[in-house]
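Here we start with a single chain on its own, the form predicted on its own, put down as structure tokens.
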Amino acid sequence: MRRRGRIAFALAFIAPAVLLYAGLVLWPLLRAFALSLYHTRGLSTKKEFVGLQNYTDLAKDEIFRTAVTNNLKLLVVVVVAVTVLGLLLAHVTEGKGPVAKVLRSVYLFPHVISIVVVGILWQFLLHPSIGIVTATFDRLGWKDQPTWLGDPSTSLLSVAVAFVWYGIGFYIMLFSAALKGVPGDVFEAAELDGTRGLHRFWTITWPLIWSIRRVVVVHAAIATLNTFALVRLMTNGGPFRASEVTLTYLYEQGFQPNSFYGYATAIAVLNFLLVMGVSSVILAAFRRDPQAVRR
């Protein structure tokens, strides 16, 4: 009786969360997958069941393949940039000089700005006639600059730079918390042992912040693969699809005139699977805590 009572007590606490998760996450996912098996347009109630036809069409869709490739390029650039720069700048904020104080007071500033404002701001910064970035490079002697957002070879990189600028503050904050969590006596022991500089970083700091590194990489990967507003505002996927990503292509297929909801939903399902797959690979790569392996 007591056991049954404990089980009922536990279920009473778990049931609301399970019901909310099922209603707000699982059910919409199942509905999205079901809708991706139909041909349907706009607000029309007419739906034609086509099975996996939308997915086979996507496999042949060159624009979709370009969008996925661009997503993966963004993923590599952004994850590497926020990890390296975030950790470097987090070390700078640990200092006591004026640079550290200024950095501590401003590093979260870009992250609190609306992503819409960030997109518009970077449009102006990279403007070929009035942009500060363009003018700065011009004064430094770079006269033959590309049109950053209008050149197929630089448009995706420009979006990546804006994305890193927007998100870097959050990752600096995570790495700063990780560095503060390293016990001071560990560093003191390393100092007495003569371990300093990069050697101390690779042998002590880097392994001890493993859990935060894992969070940073997974979070940055998910945020990058789900990027939409920045690309939509800065380049709208252009020029010539050079900066197209899956969610801007989804928007084009689902919410533009002559929209194809079923096709757009199939893109959403594949993007979801891509995010889940990449996240799983990253978690598998970080599955072993280096400190636990040494024990």
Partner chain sequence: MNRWYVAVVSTLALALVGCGGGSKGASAPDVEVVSFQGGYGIDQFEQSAKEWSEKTGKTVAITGNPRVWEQLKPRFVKGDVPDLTWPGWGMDTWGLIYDGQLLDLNPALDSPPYGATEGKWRDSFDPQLLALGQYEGKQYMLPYHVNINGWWYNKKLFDQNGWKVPTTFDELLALNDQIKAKGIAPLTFQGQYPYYMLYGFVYSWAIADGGNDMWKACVNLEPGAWNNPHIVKAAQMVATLRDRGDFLKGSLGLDHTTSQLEFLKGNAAMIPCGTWLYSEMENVMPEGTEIEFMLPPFVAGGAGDPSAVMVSIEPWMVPAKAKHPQDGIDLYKYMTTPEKAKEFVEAKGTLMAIKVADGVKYPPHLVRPAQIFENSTYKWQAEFRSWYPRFSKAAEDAMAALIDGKMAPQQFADALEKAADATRNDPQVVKHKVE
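Residue numbers count along the first chain shown, from 1. Just so it is clear, the model here is predicted, and its values are computed rather than measured.
Beyond the structure shown, there is the form predicted together with the partner chain, which is absent from this document and is the topic of what follows.
> Pick the stretch from 190 to 198, 67 to 75, 117 to 125, 206 to 214 whose residues have a heavy atom within 4.5 Å of the partner chain in the predicted complex.
Selected range: 117 to 125.
> Tell me whether Leu26, Leu30 and Trp202, taken together, all sit within 4.5 Å of the partner chain in the predicted complex, counting heavy atoms only.
Spot residues vs the partner chain: no contact at all.
> Would you check, heavy atoms only and a 4.5 Å threshold, whether Asn226 touches the partner chain in the predicted complex?
Judged by the heavy-atom cut-off of 4.5 Å, Asn226 is well away from the partner chain in the predicted complex.
> Is Leu140 close enough to the partner chain in the predicted complex to count, meaning some heavy atom within 4.5 Å?
Output for Leu140 is no: heavy atoms all beyond 4.5 Å of the partner chain.
> In the predicted complex, does Thr235 have a heavy atom within 4.5 Å of the partner chain?
Output for Thr235 is yes: heavy atoms within 4.5 Å of the partner chain.
> With the partner left out here, check for me: in the predicted complex, does some heavy atom of Gly150 sit within 4.5 Å of the partner chain?
Result yes; Gly150 sits at the interface with the partner chain in the predicted complex.
> Pick out the residues of 239 to 262 whose heavy atoms come within 4.5 Å of the partner chain in the predicted complex.
Heavy-atom contacts to the partner chain in the predicted complex: Pro239, Phe240, Arg241, Tyr251, Glu252, Gln253, Gly254, Phe255, Pro257, Asn258, Ser259, Phe260.
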